[in-house]
Every structure is written in structure tokens, then in C-alpha cells.
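Take a look at this single chain, the form predicted on its own, given in C-alpha cells.
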């Protein structure tokens, strides 16, 4: 992997982390308060400036997982398998950001960290669990075509949960709030709140792209080192 690629990966990751930190700071210090009559815990809404962008970052990661899984399973492309591994890793990282931040808000606003009757919460939890299964599987199972096919199949079918998770609150809205952007006449945000949220969405997309490139570079380096070790052992 070229030095330019690695340097770009590091730069984008650092920029993404910086922007994500700025998002969190703006959310807690600059974004205005919300109407206390509409919220059980008005100030708790500020964690959503981290929670929502992390969720969309995870959806990008799951998309990479799907593309990589399809490329390996259908075309036996080595880059597809690498992308599958990257997507699974990022899906776990950003999925855990969502799984951790969501219950914090839920406890303050709903009085409970989780609601087993809410479809979106449960489909997203399955997505995060799927990523955990893949990451653990990659580390514990042998790297051969049979195991790759199994994991790629999981990645392909698991991706079906992404559109289901996105549209769940439009079809089965229960505990989870409905969409505030494009959600109809009752949706909408104050301009300052929308600005911070959009900046957060942009920040996390930059972060996940840089992070994906960084994981790709690290995996590529590990493969090269493994080949060198095999050559040394052969001699």
C-alpha cells in the first residue's frame, strides 16, 4: 500500500476525529435548548448530535461490508474480501457508538435504556451483533474459501436489515422518535440545531472514510508481513 494512501488515510481520520469533537462541543455548548414541554429530559437531547451521525456512519460501514461481501462471493475478488473485513470492523466500532449512546439518551428521556417492542432498536441491535460475529469469526476461524464464503453470506443477508432499520420508524413507530428531516409536516428542526446535526453527519462521514482507508492499509501491511514470514520459514 502506497505511502500517499496511508498518509491520506491518517489525515482524513484525524480531520474526522477533530470535526466529530467539534460537533460534540457545539452540541453541548452552542446548540440552543429545546422546548421542555416536549421532552422529559430536555438537555439529554444533546447526545443525539453524536448518536445520529454515528448511526449514519455505521450505515456507510455496512454498505462497504455488503459491497465487499458481494465482490468476494460472486467474483472471488481479493479486494472484495478486504473490503468485507473493513466493513465488518467499522460496523462494529460505529455500531457500538450507537448502542452505547442510545441507551444513555433513552434512560433520561424514556426512563428505560431499551424497549424490546421497538422495531428499529431491535433491528439495529442485530446489525451490531452481526458485526461482532464477523469480527470475532475473522479472528478465530481459519482464512480459507469456505470460511470466507460463510462470512460473506452473512454480510450479504445481514445488509437487508439496513433499509429495514432506516424505514422502521416510518412503518412501526413506537418508542423511537420519527424522522426530523423529511418526516412530514410535523417534522423539522431549529436552524441552529439542524446546522450542528448536518455538520456532525459530514464529520462522521469523513471519519469513517479515513478510518476505512486506515484499516485497509493496516490489513494490507499484515498480509505483506505474513507473506514475508512464510518466505523466511520456508528458507
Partner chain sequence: MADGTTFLAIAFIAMIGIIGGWTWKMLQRLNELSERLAAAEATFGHAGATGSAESSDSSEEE
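Note that the structure is predicted; figures quoted are calculated from it, not measured. Positions refer to the first chain, counted from 1.
Omitted here: the form predicted in complex with the partner chain. The next part is about that form.
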* To do: Answer for residue 15 alone: is it within 4.5 Å of the partner chain in the predicted complex, judged on heavy atom distances?
  => no
* Using heavy atoms and a 4.5 Å limit, would one call residue 47 a contact residue for the partner chain in the predicted complex? -> yes
* Asked: Heavy atom to heavy atom, is residue 192 within 4.5 Å of the partner chain in the predicted complex?
  -> no
* Does the partner chain get within 4.5 angstroms of any non-hydrogen atom of residue 107 in the predicted complex? -> yes
* Asked: Out of 167, 41, 198, 33, which one falls within 4.5 Å of the partner chain in the predicted complex, going by heavy atoms?
  -> 41
* Within 4.5 Å of the partner chain in the predicted complex, all of 83, 148 and 156 (non-hydrogen atom) -> no
* **Which of 85 to 93, 116 to 124, 70 to 78, 158 to 166 sits within 4.5 Å of the partner chain in the predicted complex, heavy atom basis** => 85 to 93
* Structure fact -> Of the residues spanning 209 to 228, the ones with some heavy atom within 4.5 Å of the partner chain in the predicted complex are 211, 214, 215, 217, 218, 221, 222, 224, 225, 228
